[in-house]
Structures are given as C-alpha cells and as structure tokens.
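One chain comes next, on its own, written out as structure tokens in the form predicted alone.
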Amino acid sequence: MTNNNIYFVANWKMYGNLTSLNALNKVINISRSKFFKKAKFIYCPPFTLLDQFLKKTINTKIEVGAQDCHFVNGSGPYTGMISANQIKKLGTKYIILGHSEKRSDGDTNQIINKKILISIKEKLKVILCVGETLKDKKNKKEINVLKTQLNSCLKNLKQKKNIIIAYEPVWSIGTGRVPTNADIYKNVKFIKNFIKKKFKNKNIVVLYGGSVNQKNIGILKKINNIDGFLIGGASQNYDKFIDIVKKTII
C-alpha cells in the first residue's frame, strides 16, 4: 500500500433495502477502533438508500458515494435519471463512474468524461473505473485500452484532485477470476505513471476491483502499489466485508 489510507469501497450495485442498513453497525464499530485507523470506508449503495446511509453514518468514519449520475447536470426532462448536483445536495461525497456494467449499458468514454467534469464541478470525488475485457487481455492490449480510457475519460480535466482510479478488469468482475499479482502490479504501475505525467503530481490513489473476497485478499494485499479495493458482492455481507478489512490490515 502506497498511501497513508487504505481504501475499502463497497459497491452495492442494485442490491439492498432499508433492512440492509443493519449491515453497517459492525462496520461502524470497527471503524472506530485504533487498529483500523488507516482504513477509509466508502459505501456506495443504490440511489434509494443514499439518504438513509448518510443519516446512519453521521459522526462516523464512513463516507457515502453514489454509483452513477446523468451526463446533464442540474435538472431537466430525463425520466429515471439523477444529476451530480442532486447527489451532492444530499451530502454525498463520492461517485463511481465508468463501471464496466454502465459501459455495457452504453456509457462511452465521451459520456463518462462529461459525467466526470460535471461531478468534479460539483466537488464530488470521482472513482473512475478502467479495465480491459478478456478479448483485450488475450490480444495483449491491456495497456492500450487503459491508455485510451484514461485519455478520453480525463479529457479537459485540469488537475487530478478528487480523482481516484479503480483498475477493474472486466473479465474479473463477478466471475471469481482474478489476474495475477504481477499483472495487476504492471497495469497499476502504468496507470500511476500515466496520471503522474498528465497532472505532474506523484500522489494518486489507485484501487483494485474484480472478484475481491475474503479468500483471495491475503494474496491481493501483497501488491505494494495499490491503495485499496473496490469491493462488489462481498461488501453486501458485513462479516465478509469486515473479514476483508481485517485480513488486509492486521
């Protein structure tokens, strides 16, 4: 781990209801422990739970993020959508953008770029997801894909402040398959060098995401150039999530 904080970002996707809030109780307790003072907890529940999560986490170390926003800010005739401005006004601090599941729904790099610029303007901290498909990997195009995604998604961004990168190989998300530590290290190194060159700044937070669970975290935590994890399925179960945190830090 290369930064003072170790990030644990819980992406709940389209799961959870009001009873799911109870999953936070034990996480809130360990977040107050001196043993986990380096852990930075960020929960990204569905839009329907944002307000309740924000209320539940008042006066705790846990921060709350959204999973997406519309590429038009403010308000307008966009049925079913929510803007970065609306998300920010709730009190939300983070937002996940560019997740492969949104890309498969039609989010291009250009659309993601619009969302990023709007979110940064609203002073939201962006967690930008990048990563290659299995076909890209087989054709050894991982670096080219990452370069294209970073160039396009961060276009016209003046500084890297409030940008976190999550390296998430598409072929690993929800499949149980994880790249080798050497491959993750190589791709994260490229991302960090790219950001350093683009923004003339050495400090950049890069997370790994893709089938992170309590069984493989002991191996993944050995990768010394990542700054934490973006966790999907395992984050919805507080015992599994806490186990990941403990095995990373203790």
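Heads up: residue numbers just count along the shown sequence, starting at 1. On a predicted model such as this, the values are computed, not experimentally measured, just so you know.
Quick note: we don't show the form predicted together with a small molecule, though the next part is all about it.
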{"query": "4.5 Å heavy atom contact, S172 to the small molecule in the predicted complex", "finding": "yes"}
{"query": "Contact flag, K240 vs the small molecule in the predicted complex, heavy atom cut 4.5 Å", "finding": "no"}
{"query": "4.5 angstroms heavy atom contact with the small molecule in the predicted complex for G232", "finding": "yes"}
{"query": "Exercise: E122 in contact with the small molecule in the predicted complex, heavy atom 4.5 Å", "finding": "no"}
{"query": "Contact stretch among 151-159, 79-87, 99-107, 113-121 - heavy atom within 4.5 Å of the small molecule in the predicted complex", "finding": "99-107"}
{"query": "Residue among L207, V64, C69, V212 with a heavy atom within 4.5 Å of the small molecule in the predicted complex", "finding": "V212"}
